[in-house]
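As a starting point, one isolated chain is supplied in structure tokens, in the form predicted on its own.
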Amino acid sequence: MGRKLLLEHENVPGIQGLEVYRAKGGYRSVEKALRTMSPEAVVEEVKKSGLRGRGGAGFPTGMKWSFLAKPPGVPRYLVVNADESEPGTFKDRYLMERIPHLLIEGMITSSFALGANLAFIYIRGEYFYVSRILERAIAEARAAGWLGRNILGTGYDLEIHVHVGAGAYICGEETALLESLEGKRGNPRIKPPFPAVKGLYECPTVVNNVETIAAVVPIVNDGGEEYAKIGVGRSTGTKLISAGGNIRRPGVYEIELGVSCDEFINSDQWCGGVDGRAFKAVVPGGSSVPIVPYELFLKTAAGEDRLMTYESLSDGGFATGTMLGSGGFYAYNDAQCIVRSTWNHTRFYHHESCGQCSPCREGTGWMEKVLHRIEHGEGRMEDIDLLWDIQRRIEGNTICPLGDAAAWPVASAIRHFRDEFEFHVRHPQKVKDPRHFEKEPFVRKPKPATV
């Protein structure tokens, strides 16, 4: 099954509580950091580990921390992004539900490293019940002396607060999250200045997601160099994957980065293969990353086995590759309609656009209308090129990445499955039946991935 660093004790009875968590070695990283290390030394261990942000972008965490401004007399903040709104992603929810103290421990150690005395967990509104679990864990930690004033007698003070959002996808973007945390409308900020210089309440702030902060615990416990030995190249450590779709064994899995894509999707250790039909396509990192045909998910542009790493999945760019993203992995069998799936994704992004940028506000709506027309048997052949043109004018032309997130699924669907779009135009009566491919699977003709 590979080594587990975060979910090793996921099935231990009572692991949600402090007593059992401590019995399994919990809060060792806090003791080690606060009693034997300087804040700079903790940051250095995170740098050595090669840990990359697990929220989607994959930016090196230690480097991000080192950018934090430290003007004298100005407070610094750590904000944990628990606004897990990416369709297909649910691994942070699982981690917070099962082992809440792991996140709290990671926050204490990370806040010490950053010189922050106040930290926040911004959690999406739909996770309200999870916020109660976190609140109980925080109360337990405070009662036991792990939070509050003079932690472990070291003179270090820290308080953690949970803030429940209103369920807006846009607040998964770090600057929109900060705006919401300040009580404003969740609109992304123009950067620079970046949050590391001017973030929450215009003070230096680090924003990392749940899994990233949790990973700081094994890094400090075992050392950054030991953590870096796991994985391949610049993709070090383990990664939580939310696996769903047409697979036999959906769930949350912790994999060592570097597992082959073939092994992950077909092995009984993880996804267990397809659920009775043939695989058609895969989205490995959440709805915003490019969809790829099954055969391109297994092999790189050079014909080598593709690996579950940041670099291997993106090999060849978006022509033949995709992204690890947030780890929201889901697979399609041959009964699924790529056009309908793309339309559903676009409906989501149109609904969740904050409306601040014209290309996203207008473009997502146009794409939704055109895709609706094609999926419901009223499309024209020129609509396919129109869709391509619209997404091209959105990508890279918005303040935040939501525009890109809306454009990439459309672009990759046309790039790899254009013949399926054309089938919808040529056979309008067939595609009006929502189960048309379940009855008569569409056979894609493999070809170079060009438009």
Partner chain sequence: MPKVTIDTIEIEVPEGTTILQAARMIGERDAAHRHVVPPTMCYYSKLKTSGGYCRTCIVKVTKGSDKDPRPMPKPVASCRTAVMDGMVVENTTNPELLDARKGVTEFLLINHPLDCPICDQAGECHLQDLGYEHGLSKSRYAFERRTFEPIDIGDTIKLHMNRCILCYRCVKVAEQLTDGRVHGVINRGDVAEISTYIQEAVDNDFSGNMIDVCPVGALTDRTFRFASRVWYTKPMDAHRKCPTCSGRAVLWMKGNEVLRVTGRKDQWGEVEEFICNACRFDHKDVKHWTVEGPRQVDRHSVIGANHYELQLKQKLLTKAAPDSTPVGRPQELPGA
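Not measured: the values here are computed from a predicted model. Residue numbers count along the first chain shown, from 1.
Keep in mind that the form predicted together with its partner chain is missing from the display, and what follows is about it.
- In terms of contact with its partner chain in the model of the complex, the residue from 258, 365, 224, 293 that brings a heavy atom within 4.5 Å is 365.
- Site annotation in the model of the complex: the residue of 228, 370, 134, 158 reaching within 4.5 Å of its partner chain with a heavy atom is 370.
- Looking at residue 302, you'd find every heavy atom of it more than 4.5 angstroms from its partner chain in the model of the complex.
- Residue 420 falls outside the set of residues with a heavy atom inside 4.5 Å of its partner chain in the model of the complex.
- Residue contact with its partner chain in the model of the complex: residue 389 places a heavy atom within 4.5 Å of it.
- Contact check for residue 404: a heavy atom falls within 4.5 Å of its partner chain in the model of the complex.
- Although the partner is absent from the chain shown here, 187, 353 and 359 each have a heavy atom within 4.5 Å of its partner chain in the model of the complex.
- The stretch that touches its partner chain in the model of the complex, counting heavy atoms within 4.5 Å, is 161 to 169, out of 259 to 267, 161 to 169, 142 to 150, 230 to 238.
- Residues of 386 to 423 that come within 4.5 Å of its partner chain in the model of the complex, judged by any heavy atom, are 386, 389, 390, 392, 393, 394, 396, 397, 398, 399, 404 in sequence order.
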